[in-house]
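Quick heads-up: it's one chain on its own, the form predicted on its own, in C-alpha cells.
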C-alpha cells in the first residue's frame, strides 16, 4: 500500500472546493430513472446520456472525480473516444462502483447485505490498469419495525471493510458508503441513533481490518427524519444533528466526508450541505463535500428526455447544479441561485 499516493488522490479529488459526481447507476437503476422520465431504456440511450455528462464543458471546475459503472467505463462517445479518456483529458479522476448490489439477507426479513467480494481483487487490478484511482461500495441500512438488526449492520460493515482492504492493497482509494435510508416514518432522533451505531461499528471493523483511515473517503447519509414522517425538521436542525452524529462517530484521521443526497431534491441537498459547512466550519476536522447523483443529475434527465436537440440545455443545467454543490461545500449557497439562468 502506498499511503502517500492514497492521500494525494484524496487531496486532488477535493481541491478548490470540488466534489464527486456519482454517475454509477447500475443498468437497472438507470433504466428506472429513464422510465420515469419517458426515455427509452436501451444501451444506446445509456451511452448517449453518459456522453452528455462527460462532455459537459468545464465540468472539471466543480467535479474532481466521477464514479463510473462497469458498463460506462467500457463505453465510447459517438466519435469513438473512450469515455474514460474524455474524463482524464478534462482532469477528472476516474472512480468505479465495484459492489454487485444489495441483496436480501437470508434469515433477516426486510434487510439486505451488499454482495460483490468474490473476484473483487482481480477486478480492481483490471480497473487500476484502466486508470481508476478510487472506488465505491454501498451498504444500505433500512429503519423499520425491529430493524436494523445488529447482525445486518455488522455483516454490511464487515463487507465494507474487506472491500476497503482490497482497494488499498492496489493503491485505490475506497469510498465507504454506509447509507441509512430515508425511507420510512422514523424520527430524526431515530435516524441519529442508527447512523451513530452504524458508523461506530464501521470504524471498529475498519480498525480490525487494518485500514489506513487517512486513505479512505466516507460517504454517509445526513441525519434526517424519514420521508413518511409528517414532522420534518428545519435545515439548521438537520445540519446540527448530522454534525453532532459525525463528531461522535468518525475519527478525525479520516480526511474527507462526501455526503450522498439520499433522495433529497437538488435544492434541499444543497441547502443542507451549505448549512453544515457554514454553521459548523470551525468544528469540522474533515473536508466535508458532496458525492451527489440525483441531486445533480435529476434536472438534467428532465431537460434532456433522450432528445439530441436538448443536449446543450441539459449540459448547462448539469454545469449549474455542480456549481451549486460547490457553493454549498463552501458554505456560500443560497436559494436565490436557483432563480439564475445560464
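Treat the numbers as computed from the prediction; the structure is a model and nothing was measured. Residue numbers count along the first chain shown, from 1.
The form predicted together with ligand 13P is left out here; the points below concern that form.
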Q. Can you check whether residue 294 is within 4.5 Å of ligand 13P in the predicted complex, heavy atom basis?
A. yes
Q: Find out whether any non-hydrogen atom of residue 138 is located within 4.5 angstroms of ligand 13P in the predicted complex, and reply yes or no.
A: yes
Q) Do residue 164 and ligand 13P share at least one heavy atom pair within 4.5 Å in the predicted complex? A) no
Q. Should residue 226 be counted as a contact of ligand 13P in the predicted complex, where contact means heavy atoms within 4.5 Å?
A. no
Q) Just one of 191, 270, 260, 206 has a heavy atom within 4.5 angstroms of ligand 13P in the predicted complex, so which one? A) 260
Q | Stretch from 5-13, 19-27, 329-337, 314-322 whose residues place a heavy atom within 4.5 Å of ligand 13P in the predicted complex | A | 19-27
Q. So which residues in 187-223, when you check ligand 13P in the predicted complex, have a heavy atom no farther than 4.5 Å from it?
A. 219
